[in-house]
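Given next, in structure tokens, is a single chain: the form predicted alone.
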């Protein structure tokens, strides 16, 4: 199943590339500083949260700006990519109804555009690590598999939600609410070690806890995620991807009837 979809995406890689470029051009069309607006947003959030949590609430987390950005940027990629993928099929109704091509390319293109931005934005983490004295380490190589798995997890969820949105237009609104709640249930602004014991099971049920914590461990602690964490990450990724590809593949032939 995966092999067939991967082959189809590869065959239509030029279309996928054009969809990614289209989304990037549309996002920055008419903008004076272009991509830097996307970088300004997380940096502004990092400043605001640093002031609020370290200087007002007095929550002591070592190297908090780096801790925050190393987890916040992956979260922003995930949230924005899933949101974009959810609407990708329904918002391209003319293409779906009139042109023959694998529909999976549409959500993949939406996620791909967000992925490009994420990679560019995450580069700011490295000079920040040097600036505040954390430095760089060989553990950063572990970012590669974590980013790959994180992206595949996002694709799986995006495919399932894009299918749901074709049939139920409330999906987008429900997702917005869910992402707001999900953000606060993910240890981005706080350290897992500070979470009360009775709430830890709730965090452990959250797949993004493992992804965000992995980024923070690699960048801030110079530590490769443990075997248990990576096993969970691989398991939730394979589960999400299997469900997403299966659901999308089963329903894509009917998309033209509803969009």
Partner chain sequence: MSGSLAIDLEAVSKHYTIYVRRAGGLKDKIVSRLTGRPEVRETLWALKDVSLSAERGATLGIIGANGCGKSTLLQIIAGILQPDGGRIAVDGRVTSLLELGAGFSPDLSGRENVYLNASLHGVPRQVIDQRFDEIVAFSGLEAFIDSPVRNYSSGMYMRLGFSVAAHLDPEIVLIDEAFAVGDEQFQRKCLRKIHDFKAQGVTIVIVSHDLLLVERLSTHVCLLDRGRVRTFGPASEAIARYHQLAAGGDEISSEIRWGTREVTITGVRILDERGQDTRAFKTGDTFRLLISYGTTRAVASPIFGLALFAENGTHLTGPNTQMNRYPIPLVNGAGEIEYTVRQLPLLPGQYAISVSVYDESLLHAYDHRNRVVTFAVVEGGSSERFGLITLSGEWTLKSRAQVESN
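Positions refer to the first chain, counted from 1. Model, not experiment: these values are computed from the prediction.
Just so you know, the form predicted in complex with the partner chain exists too; it's not on screen, but the next bit is about it.
At a distance of at most 4.5 angstroms from the partner chain in the predicted bound form, none of the three residues 45, 123 and 194 contributes a non-hydrogen atom.
A heavy atom within 4.5 Å of the partner chain in the predicted bound form is found for exactly one of 113, 96, 143, 189: 96. In the predicted bound form, none of the heavy atoms of residue 259 sits within 4.5 Å of a heavy atom of the partner chain.
A residue is said to contact a partner when one of its heavy atoms sits within 4.5 Å of a partner heavy atom; residue 18 meets this definition for the partner chain in the predicted bound form. Mapping the unseen interface onto this chain, residue 253 counts among the residues with a heavy atom inside 4.5 Å of the partner chain in the predicted bound form. Although the partner is absent here, residue 198 sits far enough away that none of its heavy atoms falls within 4.5 Å of the partner chain in the predicted bound form. Partner contact region in the predicted bound form: 166-174, out of 166-174, 130-138, 79-87, 115-123, criterion any non-hydrogen atom within 4.5 Å of the partner chain.
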